[in-house]
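Taking the form predicted on its own, here's one chain by itself in structure tokens.
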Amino acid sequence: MNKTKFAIIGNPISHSLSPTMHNYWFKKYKINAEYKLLNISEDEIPSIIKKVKNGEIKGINVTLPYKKSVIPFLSKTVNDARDTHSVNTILVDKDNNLIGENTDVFGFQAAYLKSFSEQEKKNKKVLILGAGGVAPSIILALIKSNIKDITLANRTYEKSLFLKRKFKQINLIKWEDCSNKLEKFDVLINATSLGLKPNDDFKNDFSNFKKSMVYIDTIYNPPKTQMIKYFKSNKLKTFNGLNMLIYQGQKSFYLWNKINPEVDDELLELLEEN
């Protein structure tokens, strides 16, 4: 019996742990399916979408840099995908419509924001680094969690203006001003790809931080980016992107299979090993 196929598309993608996670759940819940990495160029998006449409692939996840590029090929975007204009999960509904969903918003909330009390959320000042890929999902997750004081900085200032048009309540600062304004913020979030590749890292000076600041990196592989190492060495609380990966994946799995998979110790050990 042929296995049902699922995949993740992006470029680069070799670092992704999504196949490890989804294939673990397929085995656990005795689903005859497999999940693969597809490293594609942008001009290959239409042919991949066609495979979902004709049933060759049941569902796909989308990662950098295609979370917006896939949208013109879909029947519609729904829920958080519509609000962020960012898609990370594609499925087919009962009428054979291609639906774009966003599980990153839920993933970010479940991974990092539930631990803050309602009072803390009201007072938190957050700085997001980066305006691409996952940034709109992080902004919406913060807004839905009642965190109001949100500032964003991007290397290309003009790109951050697009997000400002969508989320009028956010503040913008110039990339080069991050260093001297860092002391104002309670939470710093890296939504860029900086730290993913060796020798491709931040050049900013981040020494001007609050002693109580929390650092969240959306990168999970490597598990300790240079930024995480730096803030850890200064006794700050840090998080990598692994929990966000797990929770957004959990929701994607549910959307495709109508099973809410358990995040158990065996899965966590497997992901950490990989």
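A quick note: this is a predicted structure, and the numbers were derived from the prediction, not measured. Start at 1 with the first residue shown and count on from there.
What follows is about the form predicted together with a small molecule, which we do not show.
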Practice prompt. For the three residues S207, K211 and K237, verify that every one has a non-hydrogen atom within 4.5 Å of the small molecule in the predicted complex; reply yes or no.
Written response: no
Worksheet item: Which of these residues, N79, N123, N97, S193, gets a heavy atom within 4.5 Å of the small molecule in the predicted complex?
Response: S193
Item to complete: Sort through I90, I189, A131, I139 and report the residue having a heavy atom within 4.5 Å of the small molecule in the predicted complex.
Response: A131
Practice prompt. Although the small molecule is absent from this view, report whether E176 comes within 4.5 Å of it in the predicted complex, heavy atoms only.
Written response: no
Worksheet entry | Contact of N154 with the small molecule in the predicted complex (heavy atom, 4.5 Å) | yes
Worksheet item: Is there a heavy atom of L37 lying 4.5 Å or less from a heavy atom of the small molecule in the predicted complex?
Response: no
Worksheet item: Hey, in the predicted complex, does D200 get a heavy atom within 4.5 angstroms of the small molecule?
Response: yes
Response to the item:
Only one of 177-185, 102-110, 141-149, 155-163 sits within 4.5 Å of the small molecule in the predicted complex by heavy atom distance, namely 155-163
